[in-house]
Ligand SMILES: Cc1cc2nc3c(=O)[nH]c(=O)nc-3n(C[C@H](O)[C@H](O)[C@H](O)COP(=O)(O)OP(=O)(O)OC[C@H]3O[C@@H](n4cnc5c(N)ncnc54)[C@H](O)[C@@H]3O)c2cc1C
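The form predicted on its own is given below as one chain in structure tokens.
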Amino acid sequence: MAHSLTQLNTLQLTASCEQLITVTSIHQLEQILPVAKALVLGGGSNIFFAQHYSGTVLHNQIFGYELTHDSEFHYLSVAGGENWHQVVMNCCEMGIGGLENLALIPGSVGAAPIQNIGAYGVELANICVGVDAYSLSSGQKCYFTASQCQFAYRDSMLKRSRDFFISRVYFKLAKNWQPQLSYGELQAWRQQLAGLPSPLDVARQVIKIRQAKLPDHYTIPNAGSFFKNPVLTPSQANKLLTKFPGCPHYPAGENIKIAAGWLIDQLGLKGFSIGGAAVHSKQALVLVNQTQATPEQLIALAAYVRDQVNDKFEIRLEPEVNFIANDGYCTLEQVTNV
């Protein structure tokens, strides 16, 4: 019997799986595992069910967190089912800094290290010290340090493996906190302030910026940024910026990160739709389920946007969302048969 996942994904796509288990404790999880064919669902904010999933979905609803400290750091231990934004705000309200730039990112704490979430110059990799995880295939409990997680831009070993249920995430937050305000919108805001902002001040400003640009998935179903910002080598970036000098770009280690939303916007695609699927009218990086879109319509729209950007800029955008087909994780190319 199929179990509905429609209310468990923020795109609100009609979706289902063969078996759905809500996991509320470590003891229950240890009784369930191993599972031959399974995937873990948190807040459902970065996932795209392209087809019925013929395996077991484990919905992470393990809650609780602990906070300790020494003379230099706060140490935060958070269960994977906790709401990410709520944890951020709880810390900020206690005056604990380090998470504030990541306010209003939807999803669960357990999903955060898998995707290495990031915004406004901060990534989870900057503050995470390790994770507790269980192998879906063997049931073995593991602890991975941040270096073992192999964090990269919107990527990690955990994401590449697809074999782990993240039960707990550990953070180390400096007491001598300094706000990270290097990104343009935050930099402009900082210049208007008389003194140093608090973590809560920064979080509230980040929320204000995000709400002005990004649709609330409760109002307009979406999965946040649909595509990653492409990272180019200096020579590739120089070629692009010579031709399109207005393109927003940021340092990314030795390389250059390009604003994917700007690329899409230059094509005049805001508001463009295929069936019930559309490019959001205010933020071109977000694809929305405007009016009961089907998975096929959203897939067609994503492929169209990708191809249009490639034709004009010679950059092939990679989706940030995770596609799920009948047998599990897949790529946009696989679901479009490109």
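From a predicted model like this one, the values you see are computed outputs, not experimental measurements. Just count from 1 along the sequence shown to find any residue number.
This next part talks about the form predicted in complex with the named molecule, which is not shown.
Among residues of the shown chain, residue 85 is not one whose heavy atoms approach the named molecule to within 4.5 Å in the predicted complex. At the 4.5 Å threshold, heavy atoms of residue 223 reach the named molecule in the predicted complex. Proximity of residue 115 to the named molecule in the predicted complex falls within the 4.5 Å heavy atom cutoff.
Taking the partner from the other structure, the named molecule in the predicted complex has a heavy atom within 4.5 Å of a heavy atom of residue 162. Residue in contact with the named molecule in the predicted complex (any heavy atom within 4.5 Å), chosen from 111, 131, 264, 99: 111. Among 207, 200, 119, 173, the residue placing a heavy atom within 4.5 Å of the named molecule in the predicted complex is 119. Screening 289-297, 269-277, 36-44, 307-315 for residues having heavy atoms within 4.5 Å of the named molecule in the predicted complex returns a single hit, 36-44. By the 4.5 Å heavy atom rule, the three marked residues 10, 60 and 105 all count as contacting the named molecule in the predicted complex.
Taking a 4.5 Å heavy atom cutoff to the named molecule in the predicted complex, the contacting residues in 319-337 are 320, 322, 329.
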